[in-house]
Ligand SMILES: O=C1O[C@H](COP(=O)(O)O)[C@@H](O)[C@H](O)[C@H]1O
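Consider the single chain below, provided in structure tokens and representing the form predicted alone.
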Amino acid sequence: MSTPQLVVHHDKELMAQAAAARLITKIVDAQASRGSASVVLTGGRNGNGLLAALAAAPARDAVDWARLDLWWGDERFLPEGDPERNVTQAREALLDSVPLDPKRVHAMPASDGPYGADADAAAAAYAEELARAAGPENHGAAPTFDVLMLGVGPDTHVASLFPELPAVRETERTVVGVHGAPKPPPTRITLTLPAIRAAREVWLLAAGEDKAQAAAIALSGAGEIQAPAAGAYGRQRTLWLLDSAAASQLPRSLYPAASP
């Protein structure tokens, strides 16, 4: 378990730009050392804001997009192409504008895909895909992702792991179906905490006053069942990327001066 590190930026736009630059550096370094890189994307306004900032960054051309594996932390179990699906939004923000290898873009199944309306079967299939991508060096049923990004909800949820619901209690499976989520749509697919913790680095993104209480709770020693964000950490590094509004309820001793 890595101790959380905090970086606080003045506003959400600067946070997105700085996070995009940080991600480019991580991908380039991983490709230089291992030949390829793997990143887990997140949806929501902060995840999509980061992707849009990455699309606009001149340094994006430093990435060898054909040697990048993309995964998702969770997905809304909706039909392919639905505008509410995380993969649809990611394609619009970035993916359609860079030369990715389609075989290395690992979208979660849609509700009109081969598993129909069975979210649990779709989740099991994604778990199998993760397992096939995991090598002996990964020591588990999921690859050792270079960076796994998560948005933090006002209720402290990450991916589609909501407080007290069964998915956040899962200790063995890497992917599960979610039913009755308190945030629409109610049916989803999500990585579990064991899969999240397979990542070298976990980045938690939070911007806006509505995220301030969640950040304070998750970083105050709360339990992961009640505050799932508290249970999201990487093998080597756990990084909280916040704007000043989201950090407003944290003690100043937790983080350095805001970035420019």
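Since this is a predicted model, take the numbers as computed values, not measurements. The first residue of the sequence shown is number 1, and the count goes up from there.
Here the subject shifts to the form predicted in complex with the named molecule, a form of this protein not shown in this document.
With respect to the named molecule in the predicted bound form, the three residues N86, K183 and K211 uniformly fall within 4.5 angstroms at the level of their nearest heavy atom. At a distance threshold of 4.5 angstroms between non-hydrogen atoms, D74 is in contact with the named molecule in the predicted bound form. Taking the partner from the other structure, the named molecule in the predicted bound form has a heavy atom within 4.5 Å of a heavy atom of G153. Taking non-hydrogen atoms only, G43 approaches the named molecule to within 4.5 angstroms in the predicted bound form. In the predicted bound form, none of the heavy atoms of L148 sits within 4.5 Å of a heavy atom of the named molecule.
Listed stretches are 116-124, 169-177, 99-107, 156-164; the contact stretch with the named molecule in the predicted bound form is 156-164, by a heavy atom cutoff of 4.5 Å.
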